[in-house]
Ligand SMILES: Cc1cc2nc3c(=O)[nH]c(=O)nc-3n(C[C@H](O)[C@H](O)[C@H](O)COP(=O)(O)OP(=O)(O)OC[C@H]3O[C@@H](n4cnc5c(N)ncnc54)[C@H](O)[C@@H]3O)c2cc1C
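Okay, so here's just one chain, in structure tokens, the form predicted on its own.
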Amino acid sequence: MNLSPDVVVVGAGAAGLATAIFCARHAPLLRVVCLDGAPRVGAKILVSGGSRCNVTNTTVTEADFWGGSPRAVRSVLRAFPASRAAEFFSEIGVALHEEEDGKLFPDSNRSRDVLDALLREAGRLGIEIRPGQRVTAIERGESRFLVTTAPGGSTSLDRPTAYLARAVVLATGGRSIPKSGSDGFGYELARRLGHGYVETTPALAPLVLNGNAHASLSGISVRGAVAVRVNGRVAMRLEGPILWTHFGVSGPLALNASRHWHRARLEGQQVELVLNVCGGESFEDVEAWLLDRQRERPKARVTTVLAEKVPAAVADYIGALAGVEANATLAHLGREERRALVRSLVESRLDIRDSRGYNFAEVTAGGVPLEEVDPARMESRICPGLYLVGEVLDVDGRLGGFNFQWAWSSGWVAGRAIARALDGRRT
């Protein structure tokens, strides 16, 4: 077994496999090894997108991400855009199709096919993937890194192992879905090599609501909008489908909003999420619509008319929230009652207790500061020869294939840079 590879990639998830593959494609003579603490690699790929793997999106820009500098994110994305990611997957045997909101999924709708294709390409390029080897330390020497691992599973070695590498890639992920192997230890490895740390929170996580008023809506979805109010001012507006569940709310809108709720709480700010179940329509537009209905159908029940805009169960919920009697007709609505009803439709405060945390979060917000990495290379500005990619960095995208695209793009930039730096020559 060769313990002096040219490149050691710590983590064999999406970003790690991408970096290894693109490095080997650019410099076939380099010896590349991927180490992963889990007994089987790619667990997070397998569970993503409901086990269908939303590989990327038709349109990806820096506006789809939060955390690090938008300018740096833009630089990385433009180096390897979504169109090239789609071409890459086609090359390795994974045809993609487009779904709602530009999401690209494998035609087979199987995340296993995405992982298998990446592993086949890695094997074709001679990349060694070694699961069950948890990296416990990385030390920077004069010309090489000493990477030490400990046994981590039934497929691992039975003793600690050390690798001497010319370049090291941290592709350890964040803290989300820890059962997949993402336990946040990569942040500590980066810290020991001189890097800073932006405190992490869950992102893209379902939200837990207080009380049980929402229980009657479980399983119902609407296309709505959320205003994120921080210290009384609207800091962010988001739109998309929201799904009520037995514990609270989920769906793209709630998941995207969870990031902003957590970050505001982390910073000690007052934050609330205000829901509009009318797809972002304004108070004035909805009130005008309701006035028209009052004139046209004065004898109609309020909840019956509301069901023209939202599902019947949501109409009942909104009516109760506004204090409208169950059998009240439009003719019984006075000005103040009507305005209270409209306000409940477009400005319902979500009474959030917490999110479901890292166990259910699809990504992590926070991590190694992006400004500590050269976006043209993904190389550390602090520790030459160290490269950082994917979720370990303080970059997180919204739902829809954007976080995978960050993995492919940052992996491509790092892989090419490593190949150029080491020049493809064995030493």
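Residue positions are given as counts along the sequence shown, with the first one as 1. From a predicted model like this one, the values you see are computed outputs, not experimental measurements.
Here the subject shifts to the form predicted in complex with the ligand, a form of this protein not shown in this document.
Student: Report the residue, out of Leu30, Leu386, Ala38, Leu370, that has at least one non-hydrogen atom within 4.5 angstroms of the ligand in the model of the complex.
Tutor: Of the listed residues, the single hit is Ala38.
Student: Of the options Met378, Ala365, Ala361, Val60, which one has a non-hydrogen atom that comes within 4.5 Å of the ligand in the model of the complex?
Tutor: Residue within 4.5 Å of the partner: Ala361.
Student: Select, from the options 44-52, 22-30, 378-386, 66-74, the stretch whose residues sit within 4.5 angstroms of the ligand in the model of the complex by heavy atom distance.
Tutor: Correct option: 44-52.
Student: Looking at the partner-bound form in the model of the complex, is Ser258 within 4.5 Å of the ligand by any heavy atom?
Tutor: Heavy-atom contact with the ligand at 4.5 Å: absent for Ser258.
Student: So in the model of the complex, does any heavy atom of Gly415 sit within 4.5 Å of the ligand?
Tutor: So Gly415 does not count as contacting the ligand.
Student: My question is simply whether Gly411 lines the interface with the ligand in the model of the complex - judged by any non-hydrogen atom within 4.5 Å.
Tutor: No, Gly411 sits far enough from the ligand in the model of the complex that none of its heavy atoms falls within 4.5 Å.
Student: May I ask you to state whether Ser221 is within 4.5 Å of the ligand in the model of the complex, using heavy atom distances?
Tutor: No - in the model of the complex, heavy atoms of Ser221 and the ligand never come within 4.5 Å of each other.
Student: Heavy atom within 4.5 Å of the ligand in the model of the complex: which residues of 101-136 qualify?
Tutor: Residues within 4.5 Å: Gln133, Arg134, Val135.
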